[in-house]
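What follows are structure tokens for two forms of the same protein chain, given separately as structure 1 and structure 2.
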Structure 1
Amino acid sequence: MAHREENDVYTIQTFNLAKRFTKKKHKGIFGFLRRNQRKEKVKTKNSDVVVALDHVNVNVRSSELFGLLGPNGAGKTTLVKCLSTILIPDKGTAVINGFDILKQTSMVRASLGMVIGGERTLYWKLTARDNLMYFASLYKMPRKETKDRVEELLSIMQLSDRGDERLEDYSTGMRQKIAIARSLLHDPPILLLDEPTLGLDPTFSRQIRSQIKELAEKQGKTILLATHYMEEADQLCDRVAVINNGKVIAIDTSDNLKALVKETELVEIACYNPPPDIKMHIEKRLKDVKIVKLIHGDEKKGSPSRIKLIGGNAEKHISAVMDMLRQKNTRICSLNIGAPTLEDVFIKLTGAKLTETEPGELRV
């Protein structure tokens, strides 16, 4: 884990970084295609202006594995794209490895490796080895050095025996490994990883997370990891920045963030078939509980729903809530007091669930 020192060296710094997007309104018969957007909107005559980044200030230390935690649509990908010079910010700037993203673009790009999850960024008709050879040529790496580097990366990703197969025959997890290998070709000091485990099964997710951890601990890479998976941020990151609606609302270690939610402030009841109006009844009866959340599970697959009480002295209201549930014929399967998660921190800070996503939500 990275620890703060007075002489810390920062390899990623942002200074009041701001970015907005203009969305044209859909009209006529296609109006139903309009998407909900949780971010702040500024209405104009013909368009909506979506605030994706709102004066973001973040400092990432050298060799630190830094998490950027927030729901889909919070602005994580926009920040990653601004840092990588794919997008130009409207206001502010950032310094990457000592280079300004607006004035020294080529030096910034040479300092970075980047992986964006859930996107097709490789050539599926080429083999894994040919993909890596091609991208190495874009970095103008010497051919002999390239061959050795490609073999080394295939070995690290445990894909040496599959290197001559086309990527179209790979699983999603294997393709993601090649995407990470591609980002490491030129041995950059900094990695920007945007949802690197998105869409992966649990086995491949664990493998990718293990490799990310090794890159930070054994190779000293500075890694900015953008994710909406609280377990990922909790397990991997030295520090975590919580971001919502384009604003960074907290930065600290995972333990310190979770300490914001006191044990007496948190109660979670797992149950099946809770009444849809239970949230309203609890809020009406328990005035001193600040936040009540009903998080629906997939009960057909054995995943219960959860009722969270956060704030005030939630612990003293357990009996009252349990009685309310029993009166509604709700089957209670577990009760948890204290032991907050990063999701509980996010709920306390924003009032929203970390993983909730509106239908058809735009991910920028």
Structure 2
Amino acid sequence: MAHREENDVYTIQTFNLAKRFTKKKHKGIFGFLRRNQRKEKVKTKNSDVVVALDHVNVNVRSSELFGLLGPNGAGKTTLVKCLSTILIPDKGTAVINGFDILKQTSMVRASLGMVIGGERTLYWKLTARDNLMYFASLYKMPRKETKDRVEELLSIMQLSDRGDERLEDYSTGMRQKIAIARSLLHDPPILLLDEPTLGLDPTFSRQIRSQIKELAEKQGKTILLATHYMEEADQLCDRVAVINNGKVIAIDTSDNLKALVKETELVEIACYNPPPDIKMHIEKRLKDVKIVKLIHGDEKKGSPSRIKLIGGNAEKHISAVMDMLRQKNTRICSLNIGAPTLEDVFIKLTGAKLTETEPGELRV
């Protein structure tokens, strides 16, 4: 986890942002022939309104990598779109780099680089260079600086030698790199990244995450990362806001959020010949560990016994337990730590599951 110097200067601030959408009901071609149509409409009047943002207040510090974590449909993209001025909130406002999103839209857009979810946000029939050159003109970059900047970004993305190929010949991951390069063209102080690794294979995901991390740490960019991958938020972000049904339900560092569900922390030690009184010893010495279990294995058949410690910072007591076992000449064969995840936090806070996890590894 990156730890940059903390300050209380907020480059992204939202003030009671609220947004609702009205869903039209599609009744089909002959819907007008249905009986009791009017009655039905009145009955379900309220269910047509979807609350996308419910008075959201978020403050993102300068140079912070801030995560917005929530399942699909939680309101992440709506928030990102409001901040980028392509959606107007019903209520409230936000300040980006000191500019109001409702009154100073041009300066807000000039302060932002944005990676929007979806594959077709670039021109597939143009080359990567042409795409970047065109968007540089839309970001009002001086003509003289444009070419060098485009070459620099292609080089950073390791795509210099393929810059003259059309994007239709690129892989999804390569296109995403060009989308990130586009967001960096005008060297904005703030980046809004909406699901930047969605649909990418593990190799590209890792590369993109590493670039995001570098942008925050080395270039001091303020980054708002909207994601439904809990590992991504956990590994990259300084702080995470958990959002569900348009409401921000918690904001804190990943560790602090996970501390809310410490009771789920699990340490499992597989060993042979554990002393029969080990459970009592552990309970006596490590009083904050909530549950200690000793499960006897069929050791003669090669199945070891297992000692389980659950809750109460179980991970911190590993060395103490190991020492106890060694003193009793117990042979330890494996150690597993099941730390609580942001998924556990989400379940605790909302009672619902966050999402399916991304296949493949997630290490940065």
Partner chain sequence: MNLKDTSGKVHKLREVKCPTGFTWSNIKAELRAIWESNIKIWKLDLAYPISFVRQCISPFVFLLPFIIYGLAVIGGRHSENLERLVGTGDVVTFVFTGYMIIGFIGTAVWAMGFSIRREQWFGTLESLYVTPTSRLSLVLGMALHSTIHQSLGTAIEFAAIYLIFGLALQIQGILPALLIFALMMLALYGFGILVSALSLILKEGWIVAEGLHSIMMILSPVAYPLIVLPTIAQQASSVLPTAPALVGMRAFLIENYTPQVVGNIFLHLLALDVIWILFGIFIFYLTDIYIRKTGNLAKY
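Note that the rigid core is defined as the largest set of C-alphas that superpose within 1.5 Å between two forms. Remember, predicted model here, so these are calculated numbers, not experimental data. Counting starts at 1 with the first residue of structure 1 and goes up one by one along its sequence.
S.K.: Quick one, which of these two is the form predicted in complex with its partner chain?
M.R.: It is the second structure that is the form predicted in complex with its partner chain.
S.K.: My question is whether K293 is one of the residues whose C-alpha shifts by 2 Å or more between structure 1 and structure 2, given a fit on the rigid core.
M.R.: Yes: K293 shifts by at least 2 Å between structure 1 and structure 2.
S.K.: After a core superposition, would you say P274 shifts its C-alpha by at least 2 Å between structure 1 and structure 2?
M.R.: Where the cores coincide, P274 still shows a C-alpha shift between structure 1 and structure 2 that is 2 Å or more.
S.K.: Superposing on the rigid core, I want to see if N336 changes position between structure 1 and structure 2 - specifically a Cα shift of 2 Å or more.
M.R.: The answer is yes, as the C-alpha of N336 shifts between structure 1 and structure 2 by 2 Å or more after core alignment.
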